[in-house]
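Here you get one chain, nothing else, as structure tokens; it is the form predicted on its own.
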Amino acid sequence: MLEWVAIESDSSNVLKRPDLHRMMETTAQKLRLMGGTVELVDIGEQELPNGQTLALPKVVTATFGTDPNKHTVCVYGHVDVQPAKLEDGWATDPYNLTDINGNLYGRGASDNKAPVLAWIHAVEAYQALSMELPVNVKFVIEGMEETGSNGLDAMILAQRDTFFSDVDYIIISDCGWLSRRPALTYGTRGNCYFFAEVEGPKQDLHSGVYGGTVIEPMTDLIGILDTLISPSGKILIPGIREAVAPLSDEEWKMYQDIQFDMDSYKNKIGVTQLMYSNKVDLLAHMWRYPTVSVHGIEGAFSDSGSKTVIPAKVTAKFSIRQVPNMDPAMVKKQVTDYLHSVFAKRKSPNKLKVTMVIGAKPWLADTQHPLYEAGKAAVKRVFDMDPDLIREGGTIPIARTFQDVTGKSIIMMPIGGFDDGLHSQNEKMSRYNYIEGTKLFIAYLNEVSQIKKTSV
């Protein structure tokens, strides 16, 4: 892990692209040395905003075992990371894996290098003990997850009838536990991301000279943004809440049993009050209800100091996290129609343009599926407790792609801790989670091998 974390495989920084290529080659070499059938799949080029093109990092695929009498599992992971600099507030060099009190600190430690390595170590453990793998294991490891997995959807589609043709189950370990109790993840929210642009005068104006004479784009924009959601968190766009799958009694009971401490959650994020005061409501709104978040306004004055400008054109960026049974195309129409109707009531001469730039669907699995039963058995065996069954509030679009393209069943099996600090300063993976997580993966392969062929 020391060697892997040392590679600055930041997929958002084009200057680090050579490091990213080296990361993919390092990953491929590790799997080759274990005797896997390994390929570095070329997924083409990326076009940069300035029109230049840049080679995308190749996707590593590997196969261990091709016994037609065994199940075949495919493990997905990524080895690119979010940006990190010591001066961002890290206590240690983010690219030098540092062990402090049983925690391994470094960028990518938890997201997603240690989980990928834990899966590789699981295969190595069977090899080291001269034991046959109980299932055939395939790997798909990419290097662009943190910036949207460019090229991966097309690659999965292209290899649907080749590499993926004999895959029975897909396992993703790119998430974390909710508490100290191990978890299995069975759902993620989707994401509809919008730009709302209000354009007025042909150039920025001075508020002393023109203030009071023009209808300002910023005032219009803030006015319509304020109609998206109420102070109590209720989404005001017609049709959104009506489309949400109702919360069943069984689901309510599941949320009731989950280990989750409201006070430590508040302390962790540094707030005195949350939107909801009980655990079930909070978890439900984190995982299975949609949310509206306003992320920023482009074109507005945002530097330090005081500038008396009336911006001529401002663009708000906001997103709606999607849940079953919402459809991105319908959400796009609902949001666009609603904002235009609200804007029309203002009788403003300014122009409004609404665009949806991301429309990622949610993903949901059946927790009664044999894949989850095997997961529960493996957690019980390694940790001697039942796992929490949880959902993720964020979006892992690749899960939905795998489901739609391959039609295979998917499980998310996290080993990261709830306090690992993904994407943040001082990201870490505890030694405990890394070692016990590897044992969990070893046990899981054994449990999956016992799923009856008929229940696939």
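For clarity, every value in this text was computed on a predicted model and none was experimentally measured. The first residue of the shown sequence is 1; numbering continues from there. Rigid core here is just the name for the largest C-alpha set that superposes within 1.5 Å across the two forms.
There is also a form predicted together with a further copy of the same chain; it is not shown, and the following applies to it.
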**Q.** in the predicted bound form, segment of 327 to 335, 179 to 187, 308 to 316, 130 to 138 with a heavy atom within 4.5 Å of a further copy of the same chain
**A.** 308 to 316
Q.
Please tell me whether the candidate spot formed by G223, L282 and S424 is one where all three residues come within 4.5 Å of a further copy of the same chain in the predicted bound form (heavy atoms).
A. yes
Q. Heavy atom within 4.5 Å of a further copy of the same chain in the predicted bound form: which of Y126, F163, F383, F301?
A. F301
Q | Residue among M254, L205, A377, V167 with a heavy atom within 4.5 Å of a further copy of the same chain in the predicted bound form | A | L205
(Q) Within 4.5 Å, heavy atoms only: does R346 come near a further copy of the same chain in the predicted bound form? (A) yes
Q) Can any non-hydrogen atom of G151 be found within 4.5 angstroms of a further copy of the same chain in the predicted bound form? A) no
Q: Evaluate V209 for contact with a further copy of the same chain in the predicted bound form, applying a 4.5 angstroms cut-off between non-hydrogen atoms, and reply yes or no.
A: yes
Q. Would P201 count as a contact of a further copy of the same chain in the predicted bound form, using a 4.5 angstroms cut-off between non-hydrogen atoms?
A. yes
Q: Taking only heavy atoms into account, state which residues of 160 to 198 are within 4.5 Å of a further copy of the same chain in the predicted bound form, ordered by sequence.
A: R189, N191, Y193, F195
Q | Rigid core superposed: A84 CA moves 2 Å or more between the shown form and the other one | A | no
Q. Core-aligned, is the CA shift for E298 between the shown form and the other one 2 angstroms or more?
A. yes
Q.
Aligning on the core only, does the CA of F383 end up 2 angstroms or more away between the shown form and the other one?
A. no
